[in-house]
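In the form predicted on its own, a lone chain appears below as structure tokens.
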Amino acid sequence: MTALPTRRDEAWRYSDLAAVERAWPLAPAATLAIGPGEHATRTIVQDGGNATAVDALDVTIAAGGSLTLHILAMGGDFGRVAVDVTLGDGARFDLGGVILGRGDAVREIVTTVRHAAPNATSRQVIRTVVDDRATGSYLGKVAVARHAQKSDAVQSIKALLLARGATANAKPELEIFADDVKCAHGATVGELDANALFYLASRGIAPAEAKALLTEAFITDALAGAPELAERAIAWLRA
């Protein structure tokens, strides 16, 4: 995009636009092409090294190819990861993303997954943990073309609020023009389970440790297959 975004731009409605303006103009999106039958794994990590970090990735996955992508967004004042994926016939895309924020941080993951051909599969698992006054947002669109029959798409979005001043936004979206598809999404925002905390306390686990254990378990499925990212996320949570 050539002009600064505004609140009227749906994909930027929860962003820290002042931070975006300071980082303007943004670098062009990186590109990744997965060839026919090729299988690849990639990671994107924003660790707060810069006050403002904006990353964008455009992906094409050819027929029979697959990509497993893990995103870990934590620290910093403002961070945004935007991923745009186009799936060919029988292609597969798996995304596991974790957003972590504390203080006044604003962190977001924005995805667009385009089922442009039949028989493609996409799975997106996003977990957000925010503390203090931080904001974590996920905006994800799955677009299924008219001829993309037998598409199979799932979005699972869960957010955990560790403080009353924290905010989590979740906006899954399905745009389906084909009629023979399996597409679903679910989004929840909540606090730590008081019953689970009580149970752990009854087993002699200190409140702080119980909170840490439940929070770590909450993000585990999003980082399955990426143990090094899970370790970094756990270290951040316990810092």
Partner chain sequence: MLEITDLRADIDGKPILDGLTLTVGAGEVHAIMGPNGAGKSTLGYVLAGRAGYEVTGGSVTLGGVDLLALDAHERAAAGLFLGLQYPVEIPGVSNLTFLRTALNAQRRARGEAEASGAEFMRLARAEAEGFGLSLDMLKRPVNVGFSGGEKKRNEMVQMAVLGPRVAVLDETDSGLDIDALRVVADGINRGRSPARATLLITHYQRLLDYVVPDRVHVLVAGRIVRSGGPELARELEASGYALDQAA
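Residue numbers count along the first chain shown, from 1. As the structure is a computational prediction, the values presented were derived from the model and not from experiment.
There is another form of this protein, the form predicted together with the partner chain, and it is not shown here; the text below is about that form.
Within this chain, Leu200 lines the site of the partner chain in the model of the complex, having a heavy atom no more than 4.5 Å away. Leu174 falls outside the set of residues with a heavy atom inside 4.5 Å of the partner chain in the model of the complex. Not displayed here, the partner chain is approached by Ala217 to within 4.5 Å at the level of heavy atoms in the model of the complex. Interface residue remark: Asp47 is not counted as part of the site for the partner chain in the model of the complex, having no heavy atom within 4.5 Å. This chain is displayed without the partner chain, yet in the model of the complex the stretch 207 to 215 from 64 to 72, 207 to 215, 31 to 39, 174 to 182 comes within 4.5 Å of it by heavy atoms. Of all the residues from 138 to 153, none has a non-hydrogen atom no more than 4.5 Å from the partner chain in the model of the complex.
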